[in-house]
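In the form predicted on its own, a lone chain appears below as structure tokens.
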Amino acid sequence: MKQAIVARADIGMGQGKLAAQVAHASLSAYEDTDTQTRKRWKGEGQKKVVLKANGESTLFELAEKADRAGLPNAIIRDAGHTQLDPGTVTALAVGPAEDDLVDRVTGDLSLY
């Protein structure tokens, strides 16, 4: 099992901002799973991969694909307290779920 977090590379997030947005996405998608999936993923080491995408539309397209596949996912919008305007879409998490199911949604993306 794994979780893929897709972060936007086109909006100039600093390293700290990127880390925070990835963490928000990971936790939000995790909360969208059932107890059995949570326990299994945690027991297997909570594998994650961070990928990059350019543009808000890509994140929404991937989220739609994840929804159609029945995979937990979460789109993250920044609160606008520091580097970005309020409501800026920054990241998407897909999973945790079986590796191959997550790869069907995010497998064509590059590592961040």
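One rule holds for the numbers: they count along the sequence shown, beginning at 1. Predicted model, so just to flag it, every value in this text is computed and none were measured.
What follows is about the form predicted in complex with another copy of the chain, which we do not show.
Colleague: Can any non-hydrogen atom of Arg40 be found within 4.5 angstroms of another copy of the chain in the predicted complex?
Modeller: The answer is no: Arg40 has no heavy atom within 4.5 Å of another copy of the chain.
Colleague: Ile11: heavy atom within 4.5 Å of another copy of the chain in the predicted complex?
Modeller: No - in the predicted complex, heavy atoms of Ile11 and another copy of the chain never come within 4.5 Å of each other.
Colleague: Give a yes/no on whether His24 approaches another copy of the chain to within 4.5 Å in the predicted complex, heavy atoms considered.
Modeller: Output for His24 is yes: heavy atoms within 4.5 Å of another copy of the chain.
Colleague: Whether Asp85 contacts another copy of the chain in the predicted complex should be assessed with a 4.5 Å heavy atom distance threshold; does it?
Modeller: Judged by the heavy-atom cut-off of 4.5 Å, Asp85 is well away from another copy of the chain in the predicted complex.
Colleague: At a 4.5 angstroms cut-off on non-hydrogen atoms, which residues of 14 to 31 are near another copy of the chain in the predicted complex? List them in order.
Modeller: Gln15, Gly16, Leu18, Ala19, Ala20, Val22, Ala23, His24, Ser26, Leu27, Ser28, Tyr30, Glu31, in sequence order.
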